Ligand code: F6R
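Next up is one chain by itself, shown in structure tokens, the form predicted on its own.
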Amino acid sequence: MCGIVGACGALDFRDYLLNGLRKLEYRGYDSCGLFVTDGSFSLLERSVGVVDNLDKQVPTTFEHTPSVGIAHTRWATHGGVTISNCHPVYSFDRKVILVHNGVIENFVQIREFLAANKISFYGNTDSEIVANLIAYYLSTSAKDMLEAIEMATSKLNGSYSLAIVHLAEPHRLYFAKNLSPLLIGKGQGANYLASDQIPMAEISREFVDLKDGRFGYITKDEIHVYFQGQEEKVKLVERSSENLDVSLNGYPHFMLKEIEETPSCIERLIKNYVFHDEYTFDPKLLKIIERASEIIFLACGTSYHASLIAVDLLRSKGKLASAYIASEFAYHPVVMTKNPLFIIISQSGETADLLKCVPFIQDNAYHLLTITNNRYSSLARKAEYYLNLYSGVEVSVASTKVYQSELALLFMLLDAAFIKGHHFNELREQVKCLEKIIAHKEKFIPVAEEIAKYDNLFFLGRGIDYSTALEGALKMKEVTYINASAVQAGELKHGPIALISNEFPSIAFISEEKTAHQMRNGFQEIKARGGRVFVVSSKSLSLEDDDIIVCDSPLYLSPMSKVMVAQYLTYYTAIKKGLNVDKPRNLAKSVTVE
């Protein structure tokens, strides 16, 4: 959700800024822009739409060699998708230019304060008020830019990462950070700034992980970080660039590529968490899991669906467990016992709703385990224990391989803590099952082409298959814009069946013998009302006319094969409808604002 790229020093600014924005496209955006200057020359270009539109506007060579530059991809929160609301934004005197990720919660009050001081606005963003506030303090009471930034940020409520240029100081790039990711990269002859490591991965190996409340500036040779008016010693940390590939490698779309990377992701997990046929999880963590009075999962979207399957597994072993959507738990926390363990699951590790939950956990001294795909993320740094998903960068907005990695890691962790059966060999067999699905993916195309005819769709399941139905429906909604809803199959007669018609089909999952017969009885009720049912079943529970049959799996691994089918159906349905598979409308990959 939004992306920042910036630098100060000697470099090809056009190449770095535009390619940096392209590498951040996966985060989601609806407009973009850049600003470069050397003091005597400045260029501001902004565009609604994709980075390629911006590229066409930016000259191939600059009039002068810039000394500083910033760029941004915006996902609209305050103000519509218009040029006047694009970033970079500038102050009323055009001397302060900045880009901003995050949300300023008290922007209305600050805007009123600025308006009362005769300061005008050209757009409707909360970001513009930050530029104006800095410029206001710089022109009235601050002795320098650092003091103006500190004074301005002290008035802000909410989240922000800021990259700021002051035209009077064209050899410095200022910054400030709170509750939104921002990273400094150390280079040769230049220093860099970005909201993600990826734009800097090929040009920097040493980074500064900025903590909340920090501000400062970089030059081509120096990095200065301040907190509460005092300069801090800069700590450079080496970061691996492993698994940061964002190329298609011959695939037509990232979603298809990432679906088919799932087997290698699971194998990588096994390699990292199993050694000599023994799990390598921290024994202290396993003890905490065993002894916890309850296990509470916090997550959003796809990660929440993965946590539901973990809850099902824990309850089957007699362990008290529950899962909550983070945006609700943050304001309505529920803890039933005295010694809970919280497990936070986040693909990016920067999810704002989850970060909102952390103070409650820490204030009550509860144990916290974070599972993310980003070892350097805010949530990873705040956790008592951390487990990496090792999935590599996932570019497509709709998560596929990371969801599968969450299922696999949760299965291994709970196997190590409770089942103690060394079932990672079953996981290896599941990889073979997924490879068979990949090998026969063309068989899904006719089903997807039929689904593409409809505007509405049910996903049906019972027991563990209902969690898969939730994930399947979410994928279909995200990517195809079909109004897909998950329904517990036994609940059909209690209301949802009223929607069934020859224009309202269903996709049903069958993985469990004890409910297979009841599922098929429900299909007859649907068919009697003109509804179509596409059946996805495990081999031992299948019938000859089932639409898609996958290999048998242990019950708590069966969601992996069923959800891969749902992912393929979603992908091919979107292709049939001619949609943008990797970048669905209105969505962002990393949800860094509430």
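Since this is a predicted model, take the numbers as computed values, not measurements. Numbers follow the displayed sequence, beginning with 1.
Keep in mind the form predicted together with fructose -6-phosphate is missing from the figure; the text below concerns it.
**Student:** Against fructose -6-phosphate in the model of the complex, would residue 413 count as a contact residue? Criterion: heavy atoms within 4.5 Å.
**Tutor:** It does not: once fructose -6-phosphate is placed as it appears in the model of the complex, residue 413 has no heavy atom within 4.5 Å of it.
**Student:** Using heavy atoms and a 4.5 Å limit, would one call residue 302 a contact residue for fructose -6-phosphate in the model of the complex?
**Tutor:** Output for residue 302 is yes: heavy atoms within 4.5 Å of fructose -6-phosphate.
**Student:** Find out whether any non-hydrogen atom of residue 474 is located within 4.5 angstroms of fructose -6-phosphate in the model of the complex, and reply yes or no.
**Tutor:** Residue 474: contacts fructose -6-phosphate in the model of the complex.
**Student:** Using 4.5 Å between non-hydrogen atoms, is residue 150 touching fructose -6-phosphate in the model of the complex?
**Tutor:** No, no contact at 4.5 Å.
**Student:** Check each of 184, 397, 310, 176 and return the one that places a heavy atom within 4.5 angstroms of fructose -6-phosphate in the model of the complex.
**Tutor:** Contact residue from the list: 397.
**Student:** If you check 262, 191, 348, 468 against fructose -6-phosphate in the model of the complex, which one has a heavy atom within 4.5 Å?
**Tutor:** The residue in contact is 348.
**Student:** Specify the contacting stretch among 513-521, 105-113, 348-356, 193-201, defined as having any heavy atom within 4.5 Å of fructose -6-phosphate in the model of the complex.
**Tutor:** In short, 348-356.
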